[in-house]
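One chain comes next, on its own, written out as structure tokens in the form predicted alone.
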């Protein structure tokens, strides 16, 4: 048997939405994007959502919206994907790397408080693999210090913490719809907030700084009261080519309807993994997975002292594995900002990712568990 690490679940509903965009002959930034933004806002319970081509773009624009002075500092997890930190660099800010909680792998809030200085202006908490950071405690600290909070929700979609949707705790939430995530648009992202005035400039920033998108200009052309200057637009701020398109949004609209089922299927697979791994002596689950249904997980993984040997063992049996993620302080790009993150360095050599996707079968999960048991028994 061959078991993939990730696999998107797409079908006829997504194809139907793509076909409709083809028939409308509008596949760029158009009505699907607007509808997806509205539906997403309703889903997570926020006032404003802005569709983008990636969560990386969302993180970049989120920090840009605050217009922080150059050289100020942003508190970022040491254990995350690079985009959480490059967002600071894009805005000429400095990342301050915070160690991870050894159990949840999210921000160590004690180290966060130690790493804070008067030059810090923002925090980018990452709900690693979908497991929530303690957002109530983090927000109390942020408000006391006057820090802005940009939630990196790239690994979760629909998850909550203490009854409140992730992405709505901070000033801005950023989501990913890349192909391996809880739901997909192929590539794509969303920037969300309850502060509509704060995030409104991002609508122009995502589209080269243009203050109204092409679809709306085209629709206005049919208004008989307008003169021939329907084409007119102004660029008043520096923008980027970060917009979502109608093909991606069409996929997203179909995926959003399926997302609750996807999350239930992932959780069912995680429960099966945990049951099957319960008696292993040397291999343990990556996280303290929440089985209540409040958390939504992008990644299932394990910890093992012989991690590399286990990965080779599983590969030989057709089971794909991976690593999410290596400490950012190990990347040459971030060498000017290296800080002491002993817990992230300690777990780095022992953590790994195992197959998880909404359509994974019981037979596939059981096959992985059987291989884990065989390796564990021979350690």
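Residue numbers count along the first chain shown, from 1. Here the structure is a predicted model, which means the values were calculated and not measured.
Unshown form predicted together with a small molecule; subsequent notes refer to it.
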### Query
Taking the small molecule in the model of the complex as the reference, which of 245, 101, 263, 83 has a non-hydrogen atom within 4.5 Å?
83
#### Entry: Heavy atom within 4.5 Å of the small molecule in the model of the complex - the one residue of 154, 75, 166, 183 that qualifies
154
### Query
Hey, in the model of the complex, does residue 126 get a heavy atom within 4.5 angstroms of the small molecule?
yes
### Message
Is residue 325 near the small molecule? Define near as a heavy atom within 4.5 Å, in the model of the complex.
### Response
yes
### Query
So in the model of the complex, does residue 170 come within 4.5 Å of the small molecule, heavy atom to heavy atom?
no
### Query
Any of the heavy atoms of residue 54 lying within 4.5 Å of the small molecule in the model of the complex?
yes
## Note on the structure
Which of 196 to 204, 170 to 178, 276 to 284, 107 to 115 lies within 4.5 Å of the small molecule in the model of the complex, heavy atoms considered? The stretch 170 to 178
